[in-house]
Ligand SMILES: Cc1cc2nc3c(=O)[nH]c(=O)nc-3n(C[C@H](O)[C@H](O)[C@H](O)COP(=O)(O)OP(=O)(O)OC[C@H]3O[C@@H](n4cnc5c(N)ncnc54)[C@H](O)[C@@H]3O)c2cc1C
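This document opens with one chain alone, in structure tokens, the form predicted alone.
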Amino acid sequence: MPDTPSPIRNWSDSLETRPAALARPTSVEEVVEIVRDRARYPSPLRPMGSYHSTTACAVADGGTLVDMRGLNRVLEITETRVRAEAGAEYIDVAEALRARGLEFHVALEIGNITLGSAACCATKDGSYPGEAGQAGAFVSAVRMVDAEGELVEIGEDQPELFRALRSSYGLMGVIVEVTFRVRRAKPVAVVHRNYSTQAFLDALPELRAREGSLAFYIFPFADRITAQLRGPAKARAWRNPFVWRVRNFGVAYAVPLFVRALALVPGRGLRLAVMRAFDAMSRLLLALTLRARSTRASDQITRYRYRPKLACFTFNIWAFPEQDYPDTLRAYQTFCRAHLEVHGYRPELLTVGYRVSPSQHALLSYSFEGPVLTIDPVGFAGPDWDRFNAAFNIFCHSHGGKPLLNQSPALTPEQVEAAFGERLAQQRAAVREGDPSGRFTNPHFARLLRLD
């Protein structure tokens, strides 16, 4: 029998869902049974991985939430591919690959993402030349249980259907197995450089032309950018096993906990002054300590724990055409300062950016039309963050941005329609054809994609 669960909250504690049934399958056969039995497992039926999404992707109020993490076996590894169950977490599969001298093409920072989510949802990382920064671009096949409870396999030999599936967010079926293309592991060098905003924009053509990837931290209240540059490792350089461990510990624990403690600083003016000093120290430490002539790319994949809750944070990410980014970046800094002046709030943590190469692997790929750079503010869930999000979405919409439907909260249907246009209509048609009864459609997606 399915569990009758208590309310379930996402990792960042920003969302809650109250399903009527919670299923925890450990086999494909159990998933088939769950999808077919609509009396015991009512609709909407939503598959769930580690629940890191910042949007209502997995909300199944009154329906069924299917926790896929019991299907977590690595089934096959060859020199060019890995095949695993959909509930396996990306970081665990990366470790299995590492033991064989292999790696994923994309080293996603959020290692808790499950392979099923990575196959059909939006992801991001800085792109190397000629490669996508989205994990789904390297998925070559999936097995899933469709709305009728049938087990089907879809792959690259069905390009149009596969393109819709890779941005389906679980709306076309419950993915139970995924095959990713992989490669021999390549050591990478990493360095962080500090710029003024204008100096960064002046250097941007050179940075994006180099043989490596580009990610960066935006400090809108200091008019500064810290660029993270990854590229080929130096020949015969000692492989540094510590640099990413330090970064991952800082991102997952130390920085959020320290910034939480700033709430104890009395007075808004003093608190903001301490935050500005912390931003300056962050830039210094990034440049001085997070550098290495050789590292493993997979070491940057981070395992985010569910405790302590005070270390949990949330975020919102939009992507912008590369040619428009200089104006967009300057406008974002102005927007942040104005929001602080009017509402007394700024995102507590850093704003992150990535350069992502073009990819048409998915209908709703945010880099479908060309290379993009992103803006990704990070903060703590709460009313102030919610108000900032709503204003930030309006800003991004007005600057031609494209959201990630699992990582851009508080979207409106109009914003989604403007971002994806005809491709959204194609995605909508594919979802309706694959699931005409709406077995997998929750109110969140019914509203955003206009499926009702």
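Numbers for residues come from their place in the sequence shown, where the first is 1. A quick note: this is a predicted structure, and the numbers were derived from the prediction, not measured.
Omitted from view is the form predicted together with this ligand, to which the following refers.
Participant: Does this ligand come within 4.5 Å of any heavy atom of residue 407 in the predicted bound form?
Facilitator: It does: once this ligand is placed as it appears in the predicted bound form, residue 407 has a heavy atom within 4.5 Å of it.
Participant: Looking at the partner-bound form in the predicted bound form, is residue 416 within 4.5 Å of this ligand by any heavy atom?
Facilitator: Residue 416 lies outside the contact set for this ligand.
Participant: Taking this ligand as it sits in the predicted bound form, is residue 68 near enough to touch it, meaning that at least one heavy atom pair lies within 4.5 angstroms?
Facilitator: Residue 68: yes, in contact with this ligand in the predicted bound form.
Participant: In the predicted bound form, does residue 48 come within 4.5 Å of this ligand, counting heavy atoms only?
Facilitator: Heavy-atom contact with this ligand at 4.5 Å: present for residue 48.
Participant: Taking this ligand in the predicted bound form as the reference, which of 396, 58, 34, 411 has a non-hydrogen atom within 4.5 Å?
Facilitator: After the contact test, the surviving option is 58.
Participant: Pick from 124, 230, 166, 355: which has a non-hydrogen atom within 4.5 Å of this ligand in the predicted bound form?
Facilitator: When this ligand is considered in the predicted bound form, the option within 4.5 Å is 124.
Participant: I need the one stretch from 172-180, 336-344, 195-203, 270-278 whose residues put non-hydrogen atoms within 4.5 angstroms of this ligand in the predicted bound form.
Facilitator: In short, 172-180.
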